[in-house]
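Below you will find one chain, with nothing else, as structure tokens; this is the form predicted alone, and questions on how it binds or moves follow later.
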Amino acid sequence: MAVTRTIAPSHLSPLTPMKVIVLGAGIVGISTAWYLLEEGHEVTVVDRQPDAALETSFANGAQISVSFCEPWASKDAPLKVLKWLMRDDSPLLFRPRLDPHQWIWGLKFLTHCSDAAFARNVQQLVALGAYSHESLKQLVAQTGIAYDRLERGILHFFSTEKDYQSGAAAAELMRAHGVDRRVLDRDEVLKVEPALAAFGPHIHGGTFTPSDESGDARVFTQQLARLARERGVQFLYEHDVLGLDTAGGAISGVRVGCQRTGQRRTLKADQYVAAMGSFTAPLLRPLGVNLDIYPAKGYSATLRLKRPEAASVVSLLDDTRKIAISRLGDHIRIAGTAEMAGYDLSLDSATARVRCEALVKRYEELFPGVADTTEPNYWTGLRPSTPNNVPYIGRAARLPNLWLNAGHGTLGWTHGAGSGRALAELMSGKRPQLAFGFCGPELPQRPTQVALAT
């Protein structure tokens, strides 16, 4: 009889386990560690926090938004940014700084503000999103992780006729990429989410994607990390990443410092993965690896529901304020805005207070009396943004044993599982089954099916 065996490229056989160090324990880093473990590798995860998902993955918008992944860069973006420049509550706030990396990022952002670049970038994001969503579904079925998941879709509603027409045009573009984004009139919007009835007179219409969903990224990531630990992944929490050493044109070790003991040491592995979000770029610059990643400071408010029966269950996008609203059990998460102002994480500045309070104020306008607004749980995180919103996934060009998984911007939760799976496959000599522009040297060919006689 004939037996079909998969032969992987000889230069990196998945049958040869490797020792891999993953830097970063957010949704992207933990997903990468999990799938590397699935491929049979020995994995160590290093993070400065005491647990997984305590930075950008901690309190994001909670949406798995495959169908709402438009890049920020579009032909209309420059004018909008100029209009918002002096408003502390603007959806996208650019604070000019004496930082050459910010200006380089901004100039490259402008090069993507065309219809052709927008369509090209959308295609990349949709491909990665679909692959990642399927990966997440399989992972949830495999592990049974519960994380306040709601498979109710995402509803985007508009408060002006002009915005509604723009939203309908965007939906047509997404449908061209195979996305089921439906255009709804006001009555159809309220049928999808009746909790919007009080705000109904101000709604002109919306778009809806039933295949999208929502859930708590922190809860998911921390549970996946615990399962990975049980299966043998080593976690070095409360360890600062001090730098990477090189020898012979490759990474020779990563210098870390233990926060509790003050001990410094160098960890060694066969391969290294940089998945530290916004901090990936400054970590790699001394090595000559220059990534176009700049932090976009985002905010969220998590409120306890006083009247859960009157709260929304469909995850929402409010076009007027550019915010996401997601139900997490007996709480509601309101998240959004982006502030290009460096690595500042403060919540006590005048700008931060305005932006946080605007989230709560808007929720009260939409759903009066539904949530307890007296004790809002505010949070801010640095979204690792690229000029075209397409992340870096693949091998670093100059260093053959350094791999990148960073730059996911506002879509880290959406793209986390698929990014981790794709990178683990690449590192194991496979080619992921999606049309995505992975970075680095040439990709391995897809495994060859060879029939062997027995």
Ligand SMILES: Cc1cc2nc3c(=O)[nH]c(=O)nc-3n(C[C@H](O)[C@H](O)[C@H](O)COP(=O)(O)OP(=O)(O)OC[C@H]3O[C@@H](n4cnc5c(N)ncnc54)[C@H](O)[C@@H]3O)c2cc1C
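Everything numeric in this text was worked out from a predicted model, so none of it was measured. Residue numbers here begin at 1 and follow the sequence given.
The same protein also exists as the form predicted together with this ligand; that form is not shown, yet it is the one meant from here on.
- Candidate site formed by S132, V390 and G420: none of these residues places a non-hydrogen atom within 4.5 angstroms of this ligand in the model of the complex.
- The chain is drawn here without this ligand; in the model of the complex, the stretch among 35 to 43, 407 to 415, 420 to 428, 392 to 400 whose residues come within 4.5 Å of it by any heavy atom is 407 to 415.
- Although the partner is absent from this view, A25 contacts this ligand in the model of the complex, with a non-hydrogen atom inside 4.5 angstroms.
- Taking the partner from elsewhere, G336 is found to have a heavy atom lying within 4.5 Å of this ligand in the model of the complex.
- Although the partner is absent here, N60 sits close enough that one of its heavy atoms falls within 4.5 Å of this ligand in the model of the complex.
- Interface residue remark: L128 is not counted as part of the site for this ligand in the model of the complex, having no heavy atom within 4.5 Å.
- Comment: this ligand is not present in this chain, but in the model of the complex one of G205, G153, G298, P71 has a heavy atom within 4.5 Å of it, namely G298.
- Only one of the listed residues (A225, L136, M276, A371) places a non-hydrogen atom within 4.5 angstroms of this ligand in the model of the complex, and that residue is M276.
- Residues H239, D240, V241 of 235 to 253 are found to place at least one heavy atom within 4.5 Å of this ligand in the model of the complex.
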